[in-house]
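Quick heads-up: it's one chain on its own, the form predicted on its own, in structure tokens.
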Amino acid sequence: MSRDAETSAPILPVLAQRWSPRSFDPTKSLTLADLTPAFEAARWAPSANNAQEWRFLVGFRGDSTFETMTANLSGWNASWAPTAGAIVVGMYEDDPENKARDYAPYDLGQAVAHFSVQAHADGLFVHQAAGFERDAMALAFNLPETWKPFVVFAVGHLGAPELLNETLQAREIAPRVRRPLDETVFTGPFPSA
């Protein structure tokens, strides 16, 4: 089954093919060396004033960091993410005295996007999620007060949809859809409601 996006204009194949599965192969492991190219891509993401105000904490399935991370996932994420080869917490530095840091969450998002595209180019899959206990994660890893966990993402090799429960299985194989481009990009005022 092809998961390639049906685009209205040609885009890079790695972007058209990138998607966010919930089923990861629980028999395949990852190492830091496997993720180094993706972290390198994230390192070179643009940031306001070149502040590079993002950091990543990574746990690999089977280690205590991974176990702590999965224990702090919430909702559906707690059911599917533990089969991934790695879990990554993306965080940004918040500094109320530095107005340039207003862009820190945006810059973190760019870094995660760069990571995702590189990981996909390397044959891995990434699923980003917001469902986790941020305060508990910060406490568990002794993060300084200025560092804010903002996103978690699972990374791994693609697993079969049948590894998921019925509800998630249906979501895994559902057609990929996006709002049409003409409802996303405007060249003037927004249309009247």
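Start at 1 with the first residue shown and count on from there. Only a predicted model underlies this, so the values are computations on that prediction, with no experimental measurement involved.
Separately, the form predicted together with a small molecule exists; it is not shown, and the next lines address it.
Enquirer: Just checking whether residue 52 would be counted as a contact of the small molecule in the model of the complex - the rule being heavy atoms within 4.5 angstroms.
Expert: Contact with the small molecule, no.
Enquirer: Do residue 158 and the small molecule come within 4.5 Å of each other in the model of the complex, heavy atoms counted?
Expert: Residue 158 lies outside the contact set for the small molecule.
Enquirer: Do residue 129 and the small molecule come within 4.5 Å of each other in the model of the complex, heavy atoms counted?
Expert: Within the cut-off, so yes.
Enquirer: Is residue 80 close to the small molecule in the model of the complex, meaning a heavy atom pair under 4.5 Å apart or at it?
Expert: Contact with the small molecule, yes.
Enquirer: So which stretch, 28 to 36, 42 to 50, 138 to 146, 120 to 128, is the one near the small molecule in the model of the complex (non-hydrogen atoms, 4.5 Å)?
Expert: Only one stretch passes the 4.5 Å heavy-atom test: 120 to 128.
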